[in-house]
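Coming up is one lone chain in structure tokens, specifically the form predicted alone.
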């Protein structure tokens, strides 16, 4: 399918037709001869005089019908699940980002951006205020479902704001959507009365499925748990307009953070925002994501000259809808790049002027294909990943997925460098900037992942990406840093980090041969370069882990989340060579640790690292013990009367971490099938039951027992336990008590009450 643009019908102006047919072209001619604007009906656009105003991208928020069509705009499948509030929000932001990037690749760029509800976070990413990876990672770690105001509901009214009557004391306006649509929020019983009241007045009223309480003062008591206003801020690249103030965001950081907070507590004034944007000269409103936002634009600005167009539609593919957007903007005087949408040769006739552009596009596509390929991520193709398994299991354990082999972040870096080097023949990769690790790349079961490098950006699927610089030679090396003044000998020698499982790495990644000295904000060590891809940098991370073990033993488990800058000043040292490494700690918070580092060989800096950031996991001493020795450690604690108490105060990331420590493949599948609101209870209960069973067996002299060796089954209110993969257990029945201790904790107590037909409680 190729778009056709026709220009001459004996009238002035521009006419665009998508998917031309003889019937459609005949109608287009009639449209043009009438000389009046025609915007999109029957895939025809006509404008006798271009709008010539500014362009704004509008990002949708949560909508009941979420049907993104972005599969043909990305290389790899996306996680667009909506089964929880948090996943729905993350899916909306992901789809918005994909459409935003696709629009820009088509040469359609905004003069400003704005968003509706959570779509305002997309606008902040698009405008540069938020980093996309940092926002995505924060949502991954945040349990948004725990932040909902209980007992409240939203209702949408088919009337303007000034026609809304609210005699119910606790119901407030949450969204001024358009000239004829307003949303209110309040307690469920009052919303039910309100719905009945408006229906009697023949006003459309529909109760919505969302129950968050966002954009109302009712969210205030929960705001301390809400991390969005605390995200790192960056200078805006283009103006970002707020739907709270209907004005551009301020420039100073405290005011921006205050506005982020107000955005959660005050109504969304979207209709006012649209009118203000039009007053400021904006004429083209592009909906940059899936949803119905463009209909709110048309409803609000129906008496003003404007173009509202959606860049994503549930009725056609992503490319097909982008082709319509490009046509609509060209008709209004824009200059989109059609070749980015259809590299096929143009048909005869009116598109002759595009032939040269299409030829360039074909060449560009060929270059892209040359810079892309799939890699097999599995332990068969990459046996070194068996030396990087997150979960210890009994020797000979038959299910590889229970070991959780994961590609190290630094091995991802090695693949990014490989792709960048292949795309720049004759040059060497000297710098990686803004390295972001988005999610775990697990190797069991195996799968294929796209590795690509183009336009200075290298990507490993949607797992990691970085900006790349290649040059004909390495840059000059800086001087090695002076030695810190407060160094002392480490308590733990390097070999004990491996022997005592502080580090879980196998031989392919073991290279830390000596920790030389440690200080309050520094550590130095010696590394013998191991053989696995990326292992040298992984050992830099291991040395940083040693510093956490000795200086912050209460919260020492950490994994890389990003690196600001990596610079190679010489070829990477060969396998088996010895290098020195110095690390300077630049920041430590509850959740992260940041550091700079130098890798030095023969007195010369080989690699300089800035802004290496690790995410720290919670769980305390018990979590650390289970991480190291799951076969003899427990997350639960025994009480004096024989119960085992598990208290879930874990973040989502930590909950996933412990899920794989405690549960085998069949139980993890059961966890995935659980409704999201029941998963905390499900996991805390399994942890308590498994610890109670293991505690009872150990009391009778049983040997070490891994949690995944015990399979828990639930029969109504009863729980039983059985052994897996050859482990024989006596019939055990377990009693469980559960409760919510607070909004952030879930308690589960378990006690073995019957064994082999005898009561033991």
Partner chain sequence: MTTTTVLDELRSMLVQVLDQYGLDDVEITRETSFHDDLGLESIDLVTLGSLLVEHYGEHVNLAAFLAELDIDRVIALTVGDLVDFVIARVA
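These figures come from a predicted structure and were not determined experimentally. Residue numbers count along the first chain shown, from 1. Here the rigid core means the biggest group of C-alpha atoms that line up within 1.5 Å when the two forms are laid on top of each other.
In what follows, reference is made to the form predicted together with its partner chain, a form of this protein that is not presented.
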Indicate whether residue 66 is a 4.5 Å heavy atom neighbour of its partner chain in the model of the complex.
no
With a cut-off of 4.5 Å between heavy atoms, is residue 27 one of the residues that contacts its partner chain in the model of the complex?
yes
Is residue 299 part of the interface with its partner chain in the model of the complex - any heavy atom within 4.5 Å?
yes
I'd like to check something about residue 480: if you look in the model of the complex, is any of its heavy atoms closer than or equal to 4.5 Å to a heavy atom of its partner chain?
no
Taking 4.5 angstroms as the heavy atom distance cut-off, pick the stretch from 721-729, 691-699, 705-713, 27-35 that is near its partner chain in the model of the complex.
27-35
Exactly one of 673, 315, 485, 472 has a non-hydrogen atom within 4.5 Å of its partner chain in the model of the complex; which residue is it?
315
If you check 610, 295, 401, 577 against its partner chain in the model of the complex, which one has a heavy atom within 4.5 Å?
295
Each of 41, 178 and 202 near its partner chain in the model of the complex, meaning some heavy atom within 4.5 Å?
yes
Even though the chain is shown alone, can you say which residues of 150-166 have a heavy atom within 4.5 Å of its partner chain in the model of the complex?
158
Rigid core superposed: residue 721 CA moves 2 Å or more between the shown form and the other one
no
Threshold 2 Å Cα movement between the shown form and the other one at residue 297, rigid core reference
yes
Cα displacement of residue 710 between the shown form and the other one reaching 2 Å, rigid core superposed
no
